[in-house]
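This document starts with two versions of one protein chain, written out as structure tokens and named structure 1 and structure 2.
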Structure 1
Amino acid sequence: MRKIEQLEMAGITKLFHGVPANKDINLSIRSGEILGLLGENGAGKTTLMNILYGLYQPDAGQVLINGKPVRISSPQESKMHGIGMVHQHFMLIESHSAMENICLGYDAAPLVFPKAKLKRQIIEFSRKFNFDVDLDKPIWQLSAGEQQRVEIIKALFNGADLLILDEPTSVLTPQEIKELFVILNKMKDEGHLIILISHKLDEIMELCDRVTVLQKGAIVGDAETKDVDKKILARMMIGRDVIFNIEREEIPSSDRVLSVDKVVVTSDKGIPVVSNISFDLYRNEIFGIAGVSGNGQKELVEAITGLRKIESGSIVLDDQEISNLSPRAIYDKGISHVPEERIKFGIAPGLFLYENAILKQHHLKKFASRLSLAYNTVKDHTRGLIESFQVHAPGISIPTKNLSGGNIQKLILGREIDDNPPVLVASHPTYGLDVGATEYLRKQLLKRRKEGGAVLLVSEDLEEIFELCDRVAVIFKGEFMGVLKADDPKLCDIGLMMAGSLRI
């Protein structure tokens, strides 16, 4: 296999059900270069890279490596040509060790004592790029950053010259992002070709040499990053200027709607992960919980929404005790939930749009009789929902998994707030979304606040926390290190609080 010096995608076109996902795409990258692939959710970025990786076949166009046309009909052929891909949702077997995952599909495994020899090779290889992973640990025990490093090692160990990274920072902590950038720059210096799919303008500007911008499946811009800024790129992406700092209107909070008192929650292993947390939530308020992933915020949200039992304490909604009620009972009493993992917990991917638009509501009289669903009513409701919340979809009778992540998130948010619930619990609502979808969803949360709703916002995005929240709680190892108003100057120490070094 000859090393990749240059790769081109020429005239690539791909249709799904007659709808173009890619239209006459021309793209190139050279050795020692990082190319950013930027665009809104649904712009066709991942489809284009899935073609390059052999998961899809183009309807027109070709791929050229070092000037010669190649046919890539499967990921195995892609690997043979020196192309590797790290997907946004990692393709790892959680019960297997890191080393076992790296070795899966490795063609050059020795016949005699393969495990010991391969482990030595992988350790030597990892040191070259300063990867730090416990190879003997099962995947489920590794952090997101460690799992991502396993994916990168796996691709490079299998001989990848060109590495495709799909939204690589969406589940990483700030420290893990810094470590990833160091690794990618070292790979670039070694002559690797890297294509970075991202919605994050800051990381495109920091990391990439060039950027190609897609809009509705077509290239609308191509530039060297030194010649553009964030506003120019955002305008290319969505065809208009984006408001990067949304104004939060000053509104006094109203009546208390939710009270969490000395709540204790344990993990799946029976270990306490939420320790005596107490707070109140008021109407006309967005209350933010900031913290590094894995400090108990996920379990706290699950306790409030009925997905996890609490060991002690109480949760009261409008003077009604709701502790340890079922998720449906809690939803019916007025707590809606935008979950952290939208595909896994927010929708049923194989169901049609109109079916997902009434999840958790299908039992209500407006959508169902005793014997069947009122399909005409359901479909009319769905059409109104996708129009009101700007969900871009070719129709309501398509599988929801065919939508982009941003449009799925809009559908979920619309479904959850359509009936004006007293409380909305939103976990990482804009994670992985482009700037246009992020701007829209943040405005919807502020609109809900203005209408008298109470929003509990859990996010690792400090910009989002500061932009939207009236009060901010910082969580560390299952405890609040402090609860501060958004304009409190002590919030400048939020980094120390998130690290557990300061309690206020």
Structure 2
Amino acid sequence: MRKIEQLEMAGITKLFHGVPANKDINLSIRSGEILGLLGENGAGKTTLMNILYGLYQPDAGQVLINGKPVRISSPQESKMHGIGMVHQHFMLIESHSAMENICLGYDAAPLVFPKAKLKRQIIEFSRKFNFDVDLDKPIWQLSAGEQQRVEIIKALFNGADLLILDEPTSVLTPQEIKELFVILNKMKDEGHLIILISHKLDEIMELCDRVTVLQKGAIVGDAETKDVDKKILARMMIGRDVIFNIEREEIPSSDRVLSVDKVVVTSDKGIPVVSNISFDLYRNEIFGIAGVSGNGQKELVEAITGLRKIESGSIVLDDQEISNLSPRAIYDKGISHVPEERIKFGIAPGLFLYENAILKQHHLKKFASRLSLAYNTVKDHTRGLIESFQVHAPGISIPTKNLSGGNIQKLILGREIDDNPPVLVASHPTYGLDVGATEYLRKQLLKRRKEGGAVLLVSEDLEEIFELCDRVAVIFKGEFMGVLKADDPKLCDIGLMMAGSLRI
């Protein structure tokens, strides 16, 4: 028996330190419906869903299930009511295996935990999705895409009536997104209720029946998707038009800046995960690495940025060998890095905004004054960064973790790009950004390219790869299946290359 036929949020208001994150929100969803929740970074989407999931208590308003008010004071209570959630930032336990994480919160466990049986069921379940995850690996060894798959399997396996998905597809491949959508549509047909938060308007248009748009904590629009299009939605969200296809001007290629030669890197388990990869990166170039996450791109990026040792081969920056130098030394030589798991590796969540704004630069002369930081300079710098990268924050002396997901991303991107690094290594740089911020960031990357910078772009978003890159490498099981110019017609077979069935 389905517990939820209809769910309503009525007059929900949530304040943080007196500032409203949600203002008098009224929202309703019924069985067999998929509702999209849209809004700029910081609009209040995650806060609203965290209320439904029992992580926050509203200051006013109530939740009604089948017309009756209910109390949801913890995630356990929320689960009891039949609500499940895939979180924007992964909430997995690092040292536990993927399997253990999926089983956490599994209610039907009898006295002795049926590990083997559950494992079989989970394997079967993930096969149904075509989600490939090594269930025995601890979470800390998994790439962001793999962790996202684990989060989704976990939420679905625990079988909720109402499923909340907070940006579930940010690091999935197009193929995986397709599979997920098949499942979600099936759930909808079975009478489930689904709320999807996404910045990808195509996804909202494809999957949702209805969409609700938030702006600065309040609802500014509500529409059936059949009555609107992407442009209208973007305008509702950010109050202006957005360019969906940015022009990339032709620039002749220039000097080589980075040379990666026959690099071999092993995983945390000592198994080779990057085998003999070679490529050159030139000034005025954006070089893309496309592939399903978990095929070695994480380890390759870590090797280039000094976070992981290489077993053999060489990495040369401007004629200097840099392989196996410390991350700090590599950064100082001119390689900036936007890591894929930005919240985990890109910031110290408890530190203030102005501290995170100079996280890797605090030792530089411009921010130091004798024995301490030059606080006024640092704060001025932070204010500049926030303004140019449009980070919405109530102030710079607040813990960074209090910003919305997308705004944390913008702060890190600003920090890494603002200094005009000769080489920028960026993994999924626009993941989590709203359409306006994505447009801005892509323009920034093209600006770096024009000014002589080189960008190594790791992404699973093919649209992004094609829009920005001059050349594209496709990685599969630690090897390049081919390196092609972005306008090469052979790239129409990129899907086959990503799956490892075609080498060019």
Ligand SMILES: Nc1ncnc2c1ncn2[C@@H]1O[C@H](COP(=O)(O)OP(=O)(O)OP(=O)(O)O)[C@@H](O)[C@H]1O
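Reference numbering: structure 1, starting with residue 1. C-alpha atoms forming the largest set that superposes within 1.5 Å between two forms make up the rigid core. The structure displayed is predicted, hence computed values, not measured ones.
It is structure 2 that shows the chain in the form predicted in complex with this ligand. In this overlay on the rigid core, residue 344 has a C-alpha that sits less than 2 Å away from its partner position between the two structures. Core-superposed comparison between the two structures: the CA of residue 88 exceeds or equals a 2 Å shift. Residue displacement note: residue 262 has its CA displaced by under 2 Å between the two structures (rigid core superposed). We note a C-alpha movement of 10.6 Å at residue 121 between the two structures, with the rigid core held in register.
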